[in-house]
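The chain below stands alone and is given as structure tokens, in the form predicted on its own.
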């Protein structure tokens, strides 16, 4: 991981986060995507464009995948690919003004290199560099200890907990229970802090999982699809993020009929 690139990302994340905080002091322009709970604001689009402009300026040969579609049409993961979610948890951003994050994942030939998640309202920047370590506000992160699933919480979105394809009931029966925050960014933060043993979603887009995938890889956690394979950053998939002590057990429970 190039230090100059890393330093630039830290600066850009801080700048974007401050702009989002200030935007909450005025009325936002809100549009529906597919449903009343699937929203986009002018700040989603502006924040994504901010990152795209910076990347284009310094790294014009890199490819960019962005949630709001302002990046590239990427059909090949060869080379360096940035995956950006400018505001993960837009509904929270609009309605609660809390519990949302900025997420960036960087991949080389389809494999994670580094991931960044900014918990905007708490001013907490989590990042992981594969082969180095995971950090919170530039200090090495010391996650809470996880031993086994039956002593731990699990994280996921509400849709996944009610999903009939995967056996969420079996997973919840073994664990201490579930938590959901309406944002993959905040839920992945809960996992890497050790507040829960795993995070599962029945269907995540690349921008929802890329940053967390890279951070978890950096800390030795497992990130797989439901069949145990590596996620594809060009594909929507059911994704399991888990502490290595519980990953296999969780996969078996989710797959059991």
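Numbering follows the first chain given and starts at 1. Predicted, not measured: the structure shown is a model, and the values here were computed from it.
Beyond the structure shown, there is the form predicted in complex with a further copy of the same chain, which is absent from this document and is the topic of what follows.
Engineer: Looking at the partner-bound form in the predicted complex, is residue 54 within 4.5 Å of a further copy of the same chain by any heavy atom?
Structural biologist: Output for residue 54 is no: heavy atoms all beyond 4.5 Å of a further copy of the same chain.
Engineer: Does a further copy of the same chain get within 4.5 angstroms of any non-hydrogen atom of residue 165 in the predicted complex?
Structural biologist: Taking the distances in the predicted complex, the answer for residue 165 is no, it never comes within 4.5 Å of a further copy of the same chain.
Engineer: Is residue 228 near a further copy of the same chain? Define near as a heavy atom within 4.5 Å, in the predicted complex.
Structural biologist: It does not: once a further copy of the same chain is placed as it appears in the predicted complex, residue 228 has no heavy atom within 4.5 Å of it.
Engineer: Even though the partner isn't displayed, in the predicted complex is residue 77 close enough to a further copy of the same chain, meaning a heavy atom within 4.5 Å?
Structural biologist: Outside the cut-off, so no.
Engineer: With a further copy of the same chain left out of view, choose which of 69, 36, 60, 220 has a non-hydrogen atom within 4.5 angstroms of it in the predicted complex.
Structural biologist: By the 4.5 Å heavy-atom cutoff, the listed residue in contact is 36.
Engineer: The chain here is shown without a further copy of the same chain. Which stretch in 45-53, 194-202, 207-215, 228-236 comes within 4.5 angstroms of it in the predicted complex, by heavy atom distance?
Structural biologist: Of the options given, it is 194-202.
Engineer: So in the predicted complex, are 127, 132 and 141 all sitting within 4.5 Å of a further copy of the same chain, heavy atoms only?
Structural biologist: None of them does, since no heavy atom lies within 4.5 Å of the partner.
Engineer: In sequence order, which positions of 171-199 have a non-hydrogen atom within 4.5 Å of a further copy of the same chain in the predicted complex?
Structural biologist: Counting only heavy atoms within 4.5 Å of a further copy of the same chain in the predicted complex, the contacting residues of 171-199 are 172, 176, 177, 178, 179, 180, 181, 182, 193, 194, 195.
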